[in-house]
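Form predicted on its own, single chain, as structure tokens, below.
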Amino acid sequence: MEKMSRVTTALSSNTISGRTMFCHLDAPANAISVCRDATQVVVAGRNIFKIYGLEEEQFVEKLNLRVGRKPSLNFSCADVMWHQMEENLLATAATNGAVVTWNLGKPSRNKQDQLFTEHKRTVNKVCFHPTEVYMLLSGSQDGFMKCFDLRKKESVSTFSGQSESVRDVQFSMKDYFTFAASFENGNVQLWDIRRPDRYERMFTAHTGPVFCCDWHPDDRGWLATGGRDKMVKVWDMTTNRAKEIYCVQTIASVARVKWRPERKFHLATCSMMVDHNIYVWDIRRPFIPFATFEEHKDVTTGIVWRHQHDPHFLLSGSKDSTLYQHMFKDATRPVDKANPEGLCFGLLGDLAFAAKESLISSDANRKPYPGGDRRYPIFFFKKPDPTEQFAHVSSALSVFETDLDSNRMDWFVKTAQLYLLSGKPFAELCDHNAKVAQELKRPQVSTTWTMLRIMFSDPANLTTPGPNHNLSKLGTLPLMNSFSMKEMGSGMGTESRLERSKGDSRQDNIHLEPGNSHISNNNEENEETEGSDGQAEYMFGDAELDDDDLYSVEHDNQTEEQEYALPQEAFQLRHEIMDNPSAPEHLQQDKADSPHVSGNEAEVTCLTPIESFSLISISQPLYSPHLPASFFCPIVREMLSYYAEQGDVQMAVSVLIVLGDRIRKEIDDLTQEHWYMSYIDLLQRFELWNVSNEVIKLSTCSAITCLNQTSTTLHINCSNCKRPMSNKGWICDRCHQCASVCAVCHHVVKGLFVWCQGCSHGGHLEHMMNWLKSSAHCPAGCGHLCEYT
């Protein structure tokens, strides 16, 4: 093959021209590359490998490199690159781990030149040296990078990143011996091709995999990286430590990044999922794209500028099986549609508002605020720059302060810290949270918690701790335990009394006296009668209640008893009320005969009503003791929506967690997720990290529970052999040495481990702190000067 001369710094006499155009491909594209004179583009994918000519009006297919009746996996390409010095030389990265070079100058139909099969897994990237014709670099899923000399049959160097798979490799445009490699663990390594044993520099660039990197064509030390964390970062590599100088936040994972020719601060990006658009960013204004190309209908897989000195043409391939040439003048400018107004609340209620200066100045009728005008105008002007094409907008910023005394958020912090959301029975959670709200002088919230306890607690098990609140099997009147009968009984009827007698040897009375709503029961040792499987139903009136309404007692000698039915008339003639009436004789006989209730355990219950409170005989109970939880769900749902709309999302989320399945199905998932995200955001603003994490763990929304599961993997390498450790213990599988041994006490560290990033030695935190107080040298004896910060 002939060696070609380098492209000059200026465009040739044949000026590049064209328009926005596209062509349909036979299959989705994985990567594209353009030849050095910008007249042809190669498209590669799993089922396509073709060269298209770039004419002024259209794409023209020039050559199909997939030849043969049964194409091998060598034609299934994950990446492709056209040499920028040799116009007939291409290289592809195959999905079967092969690195293949292609010579377009061959007279035969099959243009395959050399085949390297040294990688064990898929090759993700291939890259030619910008000035050396025969030097080719590859990065594979197996974690290795290999440098090939095309004049030899095998690789000349192998670089091990001692990490997970290599996603991208790029030779430096200005430094002959340097190349950069990005990895799936978030690291970026810089290597010298003359030293394959160890990298020159390594730093963590992203949280998650780094999918791409690109050296700046003009500035020697700038390296752009893109990752799954949806960020594009620009690093200055000229300093001793890699310094992040710019950061662009995108809306999806960044799959490709390419610097724009002749524009120092512009770069293009595309995503590997969700977002199909191509964005050109001005890294100095990272909050809105400088230009957008929206033609593709599926994920964009490859982008390349048509000529390394022409910033006006961009080529792209996509999974929608199209190949596009974009004219920069046809791009959408998001800044033209941007709203120059902004509104933001501060943590303590301060309000900042930015708007066009013309809108603020024209508001002449605005009344002054009490205590003086609190507006602080800040004008955003930039000096005219011929290369700056953003629309110039001057805005005024107004800040409205709040009265700290009237808008303090102490209650929010204390409530978040004191609320109990799990770990105790439902009734205790409600009582505790009601008490917290009462102490913080929030009576409405406190009452809400109390009502929730009443609505959703089992009446038979509803108890309130206190000196006179001991309820046994007669304590099935929850409303009496929470509300004062005195308030209910004012101005009603005449006094009446209902008494039940169960024996003569001992009496336990339940009294309801004026001003006292407590229910007292002196029989504290009373146990559940054997065979009781239901709740007692209480009816107020003169009709006698069947004894089995209070107790379900199994009788040894069950005889047919007279059935006492409630009269149908609401008001009937009353019998003479005696002071201590006894139960019917046959009931007393049954009690005496029952093997479960002895004479000494017989009880007499006396309900003494409040003055002026009439107990009226009715044919139906005043309330149903068997109301299902679903009966209260609609009103609870409205209550939660009310609190959320009022801004108290803390109450909405807390009730949602405490009630759990009782109410969760009544509220749609999107609303729940919105409430959770709002509350978690507030907690994190107040730095309540533990409470925030507890809320995330207790949530049942899949979008919420995953918030504390991202970026939690810790990859550990053995300090002896430098190989990755398994998760089975502290012994390395390869060298069989204890990896985390304290350099001071020489015991295995099973807890908090601190190590020096310079020499990799470390140990127990307390031991290392004490050692470094008196000595600067590493306790392992390696001679390294360790520093604890």
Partner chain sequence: MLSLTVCLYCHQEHGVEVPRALASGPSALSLQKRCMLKEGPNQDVLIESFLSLGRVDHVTMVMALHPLDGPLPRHWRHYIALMAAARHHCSYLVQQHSTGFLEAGGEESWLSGLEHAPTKLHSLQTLNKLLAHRPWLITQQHIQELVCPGADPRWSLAELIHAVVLMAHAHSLSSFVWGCGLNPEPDHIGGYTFQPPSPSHLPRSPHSPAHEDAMEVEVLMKRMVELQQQQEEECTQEEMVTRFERERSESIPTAVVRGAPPDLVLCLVEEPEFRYEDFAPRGEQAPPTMRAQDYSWEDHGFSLVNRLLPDMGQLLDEKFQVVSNLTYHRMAMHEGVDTHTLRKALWNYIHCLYGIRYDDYDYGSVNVLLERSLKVYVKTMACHPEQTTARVYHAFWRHFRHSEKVHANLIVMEARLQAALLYTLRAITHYMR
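Nothing here was measured: the structure is a model prediction, and the numbers come from that model. Positions refer to the first chain, counted from 1.
Beyond the structure shown, there is the form predicted together with its partner chain, which is absent from this document and is the topic of what follows.
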Residue within 4.5 Å of its partner chain in the predicted bound form by heavy atom, from R46, R36, K50, H761, is R46
From the list I288, V156, I716, I635, which entry has a heavy atom within 4.5 Å of its partner chain in the predicted bound form?
I716
Spot the stretch among 339-347, 261-269, 247-255, 423-431 with residues whose non-hydrogen atoms come within 4.5 Å of its partner chain in the predicted bound form.
247-255
S72: heavy atom within 4.5 Å of its partner chain in the predicted bound form?
yes
With a 4.5 Å heavy atom cut-off, would you call L115 a contact of its partner chain in the predicted bound form?
yes
is_contact(K297, its partner chain) in the predicted bound form, heavy atom dist at most 4.5 Å
yes
Taking its partner chain as it sits in the predicted bound form, is F179 in contact with it (heavy atom to heavy atom, 4.5 Å or less)?
no
From first to last in sequence, which residues of 165-187 have any non-hydrogen atom within 4.5 angstroms of its partner chain in the predicted bound form?
R167, E184
